[in-house]
Structure formats: structure tokens, C-alpha cells
Ligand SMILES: Cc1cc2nc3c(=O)[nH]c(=O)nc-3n(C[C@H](O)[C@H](O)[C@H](O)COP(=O)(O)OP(=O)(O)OC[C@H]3O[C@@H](n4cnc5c(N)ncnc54)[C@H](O)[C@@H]3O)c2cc1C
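Here you get one chain, nothing else, as C-alpha cells; it is the form predicted alone.
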Amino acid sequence: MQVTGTVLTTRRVDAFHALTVVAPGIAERTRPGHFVTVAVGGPSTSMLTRRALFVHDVKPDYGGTVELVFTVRGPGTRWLADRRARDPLDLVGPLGRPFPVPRDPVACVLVGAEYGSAVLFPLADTLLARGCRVDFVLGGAGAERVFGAMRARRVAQTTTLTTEDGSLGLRGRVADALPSVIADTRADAVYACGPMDTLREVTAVAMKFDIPVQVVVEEAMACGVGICMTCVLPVIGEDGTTRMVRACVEGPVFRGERVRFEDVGTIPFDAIGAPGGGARHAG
């Protein structure tokens, strides 16, 4: 649904920005893994495309609020970072397919890199309510790029932090720390969000341990509703056939082993509809 929300609060979280927006309707429908798109620039702007933002938190306050976390990457997110309390925001959501959650209590490791960690906290709350064990592995380039460390320590059995420059926690990437966490916690499942290279590495680790992994992909989404096709990526279907699917509609949550990370940004020759290959295969 599309609503005109009102900014309730703004805050800096180290290198990131967080906006809490009063958005009744969207808030009550949002599930862990959903995202929203936000119009940027104001009514006379030349920035026509929306910005897709992960939902970090949902509360019933003021009829329903959502907290959105992002980093400044260009003029659109810079405009968002400059919003203040009581400013209006045009939101569409909730969008995408949310996380699948286990029916029975299991041990889950939640892996987040940079601001991608934000989407994992509503999931953690849902898993804990179902009696699951939750352990976090969070990382970033430096200490200021690790999101949610304090909240993770409050809710999880254990929290492992990594930074590439060694300024916080272990030196390295989240995938470097993941094997020992999986082994120590006897994890049954992994959930991850972050840049594509991180998701590729985390998926490889989970596959070595032969446990399922659900990933939230961070593909560029211009429309968020499946029209513009900017967020397509190659995913292997249940029938073993590769298709170019839209992250905003069929995702953004996918089974990690189904995503062809090495081919993201390309159209594999064996994908259905691919020039010179998949079209013939499709029959």
C-alpha cells in the first residue's frame, strides 16, 4: 500500500542513518525481511525513482511506525538523511517476500554485514518468540560500519563481531568467523544479509556444514514492484533450471544455494530466455 508517512525521529547510528516513520497500515502488515520504497527529493524533484530501504523495527506507537536504516550513497539517500521530525515521506510497502521461519525451535545463526544487519533484528525477535536459539555474527569494514552490536548482545545467546581493519572484534570478515560459530552452537540454519560477496561467502560456509541458508540480496531496486527489471539475478529453481528472477518480487529472500552468485550481473547462457542458450532450452 502507498501512504504518506510522517517522520517521527531521526538518528545517526555510527556511519548509518535511521528514520522512524509513522506509517499505519504498512507497519501492521510488515514481516521480517520486508522492505519499503520511499520517494525522494520532494514534489518538484528530478529524482524519479524510489529508494528501497530495509525495515529495522516495527512498533505499534502512533498507529504504527517503521524504522528504516540506510547509508548515504548518492543524492537520493542524502536527501533522506536530511529529513527531520514532522517531515512527510511517501512510502510504498511492505514489499517483497519475508523470511521463512521454522515451525519448531531450532538453533539459528544470523549473519549481517554493514547496514544489512538491520533487517535481521525483527527476524531475531520472531525466532526468539518461537523458542529458537539465536546467535549473531555482525561485521563491517571498521567499527563504525558494524550495525546493531549492542542490541544483538541484548537478545542473542552469543554475538561475534568482525571488522576488516581489526578495530572491533575479530579481524576479518563475517564468513571467517562463521564456521566456529556454527560448530559451537550446533546451528540448524543460517540467515544472512549484506553485500553480494558476503552472501556468497556465507552461503559457501553453510553448504560445507550442510545446513540451510536464507539470504537477503541487496540488488538495486528502482521500482520495488517488479516492473523496471533492474534487480534481476540468476536463481536456480526447484526443477534445476536457472531463471532470471526479480529480487523485489520473488525475493529479496532466497535460499542461498539457489542463487548463482558468480553470475550476478550477467545473464547465464543456460538461463531460460538467455540469448543463444536459454531460449532453446526453454523449448
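Numbers follow the displayed sequence, beginning with 1. What you are looking at is a predicted structure, and each value in this text was computed from that prediction instead of being measured.
FYI, the form predicted in complex with the named molecule isn't displayed, but the following is about it.
The named molecule is not drawn, but in the predicted complex it has a heavy atom within 4.5 Å of T77.
By the criterion of a heavy atom within 4.5 Å, R103 is excluded from the residues contacting the named molecule in the predicted complex. Taking the partner from elsewhere, R243 is found to have every heavy atom lying beyond 4.5 Å of the named molecule in the predicted complex.
Taking the partner from elsewhere, R86 is found to have every heavy atom lying beyond 4.5 Å of the named molecule in the predicted complex. Here the chain stands by itself, but in the predicted complex one stretch of 22-30, 254-262, 58-66, 43-51, 43-51, has heavy atoms within 4.5 Å of the named molecule.
The partner is absent here; in the predicted complex, the one residue of Q157, S167, T71, S180 having a heavy atom within 4.5 Å of the named molecule is T71. Residue Y115 is the only member of 107-134 with a non-hydrogen atom no more than 4.5 angstroms from the named molecule in the predicted complex.
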